[in-house]
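Below sits a lone chain in structure tokens, taken as the form predicted alone.
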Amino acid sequence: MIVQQIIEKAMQKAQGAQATLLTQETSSVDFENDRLKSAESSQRTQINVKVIVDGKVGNSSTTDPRDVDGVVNRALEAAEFGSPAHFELPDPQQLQEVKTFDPALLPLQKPEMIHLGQKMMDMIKAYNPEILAGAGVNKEIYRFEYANSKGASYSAEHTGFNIGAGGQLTRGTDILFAGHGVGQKKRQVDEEDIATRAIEYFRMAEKIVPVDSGEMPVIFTPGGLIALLLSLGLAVDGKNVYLGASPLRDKLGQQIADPRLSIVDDPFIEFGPNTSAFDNEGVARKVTPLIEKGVLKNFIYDLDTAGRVQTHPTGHGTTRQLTNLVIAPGETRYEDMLRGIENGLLVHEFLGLGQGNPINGEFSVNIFLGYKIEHGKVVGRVKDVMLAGNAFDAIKNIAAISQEREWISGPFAWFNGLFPYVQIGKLSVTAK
């Protein structure tokens, strides 16, 4: 194995070393404006090396598997000017078995992928020929290998399947974009359901209705929860906690949300989009509760940040990326949630999310796709409307969580997971 060769080479001069090897094959087809835009295949190899020399860390990478000597030497040279090593490489660990590879994806070729994309677009066009339809189908097969100087050695094979459809509808000066997609590691997918969901977003948006400025109840769709999850994800990042930038840094074990809110990061969901048994630092993954009945339970640490604060890494890799988020269902049916609102909003997508000061929870964003709720019913789409508030205040002011949950993943998702609809008591709405 190349990673073992790298470790042997690096340990001639280093006191610690780890190496990863990613080999990946990707096939993708993309449709745009009712036409096939591209059908491509690609291959990628990525080697990353980390060494510890005299207490300092050196990193190097290459895309050439023949460049073993070069990538090791560059890492050793980088260590001379590297940051101090606040961690030790992990010992070999027992890994949990996970389902990450679906052989049914192997025979899927571009002609069938094109057929899937065209089928979804045809359904959208049948609903409304004026929609400029688009679609995307992406298949990947990859192998990830890890080894370190402590004797840890792991490898895993993964598949990935991303499929989505949507489009653009222009009426005068109004331009509407809507779509739906799925991302997972298995072949089984209902492409008709994806197109149907995209059509439903268009159907709900056919009528544009006015909305008054002011404070009002807001329901976040499972996809719209990104407005709250973005701030939470930044706040539980161990690096932000260590740097003192997280507003939750002193809140561990304290009530930070409504007791109905529980969120778990689960890397073991079968064929989940981010399912895996170990991270890119050789740390075994585990189920990590983030919020339990409103109480903050954990932060997310990689080797470096864990070493700096003298705790254990959580198995989320060097980027501290959350895997598959699961929000516990509530006790309220979605229809009852709607029925209880006289005047409010249902929000699904945002424009400019992440601008401002998201780590402190502050958001003031344009609603890209949202709907007005009037007398318990969705009556139409809102336009030129801004939503403002604080994510951490919002999760303390939850009015209801739905029994229904949806998988949010794929080309239109920032976070992957199983999410309900969440109603917030009041948020500030500004209409032009």
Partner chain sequence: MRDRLSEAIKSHDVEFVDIRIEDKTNSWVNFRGPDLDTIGSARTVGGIVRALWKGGWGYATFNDIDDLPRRVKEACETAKLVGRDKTYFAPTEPVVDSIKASMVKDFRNVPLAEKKALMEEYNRIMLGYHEKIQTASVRYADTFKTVWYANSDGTYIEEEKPDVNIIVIATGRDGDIVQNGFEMGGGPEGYQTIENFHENARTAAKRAVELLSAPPVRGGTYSVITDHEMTGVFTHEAFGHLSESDFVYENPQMQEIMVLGKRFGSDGLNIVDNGALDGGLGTHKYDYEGVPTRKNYLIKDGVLVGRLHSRETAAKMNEQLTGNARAVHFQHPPLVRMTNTYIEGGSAKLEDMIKDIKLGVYALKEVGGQTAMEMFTFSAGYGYMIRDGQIAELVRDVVLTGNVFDTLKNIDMIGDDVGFTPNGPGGCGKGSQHPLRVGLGGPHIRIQNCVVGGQQ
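Numbering follows the first chain given and starts at 1. What you are looking at is a predicted structure, and each value in this text was computed from that prediction instead of being measured.
From this point on, the text means the form predicted in complex with the partner chain, which you will not see here.
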(message) I need the one stretch from 185-193, 135-143, 243-251, 285-293 whose residues put non-hydrogen atoms within 4.5 angstroms of the partner chain in the predicted bound form.
(response) 243-251
(message) So, a 4.5 angstroms cut-off on heavy atom distances: do all three of E77, S83 and K239 pass it with respect to the partner chain in the predicted bound form?
(response) yes
(message) My question is simply whether W407 lines the interface with the partner chain in the predicted bound form - judged by any non-hydrogen atom within 4.5 Å.
(response) no
(message) I'd like to check something about I367: if you look in the predicted bound form, is any of its heavy atoms closer than or equal to 4.5 Å to a heavy atom of the partner chain?
(response) yes
(request) Flag R333 as yes or no: does it have a non-hydrogen atom within 4.5 angstroms of any non-hydrogen atom of the partner chain in the predicted bound form? (result) no
(message) Is E374 part of the interface with the partner chain in the predicted bound form - any heavy atom within 4.5 Å?
(response) no
(request) Go through P111, P210, P92, G340 and name the one with a heavy atom inside 4.5 Å of the partner chain in the predicted bound form. (result) P111
(message) Just to confirm, with a 4.5 Å cut-off on non-hydrogen atoms, which of R260, K125, R308, H158 contacts the partner chain in the predicted bound form?
(response) R308
(request) Let me know which residues along 25-64 have a heavy atom within 4.5 Å of the partner chain in the predicted bound form, or say none if there are none. (result) E32, N33, R35, L36, K37, S38, A39, E40, S41, S42, Q43, R44, T45, V57, G58, N59, S60, S61, T62, T63, D64
